[in-house]
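Here's a solo chain for you in structure tokens, the form predicted on its own.
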Amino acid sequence: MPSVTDLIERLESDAAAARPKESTPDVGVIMGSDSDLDTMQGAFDALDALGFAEQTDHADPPEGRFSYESYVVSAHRTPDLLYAYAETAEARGLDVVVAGAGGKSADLPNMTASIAFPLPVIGVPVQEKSVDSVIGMPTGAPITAVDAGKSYNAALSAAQILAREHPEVRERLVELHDERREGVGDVSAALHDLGVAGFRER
């Protein structure tokens, strides 16, 4: 297994490599611990639904034009990895980072936003008690944040940022929105037409 030092060296090597933008991940998804994975799964679900592919090797990009990467980066246990990740994010091709952290001292999103500035960072408080920590940035050190556990929305926001430059992402966002809208219509019609008892039994 790669050590933290190995991971840092990998990030720095990826940042130094001259690769076309089309072959680098567009969205970075990071979390403070693998225990946050269940909460952050929503971000992966949203990106997958939008047609993004997961990129696990910087030198071997997936076939799709848009992709994302994932890492566990602890602000408290591996601050050197956090610095390396945030400092190299833009050079490695990322356009936006979604960062999730839990606990009362959920510093990962904030620190990432500070170090990676001006790259946009969207913070995800993994728990309710993490909200104040994630949104509590001083004036001049911006971060965008979603409500506790709403990593799906964070990924949609990341895609919205990309959509300003890439019409393909905008089209996918609109299609996904329309699908969800029609889904509500289908449920509404079924509830009305079948009645409450029939709807529950279907």
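Small disclaimer: the values here were computed from a predicted structure and weren't measured. A residue's number is simply how far along the shown sequence it sits, counting from 1.
What comes next is about the form predicted together with a small molecule, which does not appear here.
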Residue 36, heavy atom within 4.5 angstroms of the small molecule in the predicted bound form = yes
query = Any of the heavy atoms of residue 93 lying within 4.5 Å of the small molecule in the predicted bound form?
reply = no
message = My question is simply whether residue 101 lines the interface with the small molecule in the predicted bound form - judged by any non-hydrogen atom within 4.5 Å.
response = yes
message = Residue-level question: is residue 28 within 4.5 Å of the small molecule in the predicted bound form, judged on heavy atoms?
response = no
key: Listed range touching the small molecule, judged in the predicted bound form by heavy atoms within 4.5 Å, from 28 to 36, 137 to 145, 158 to 166, 57 to 65   = 28 to 36
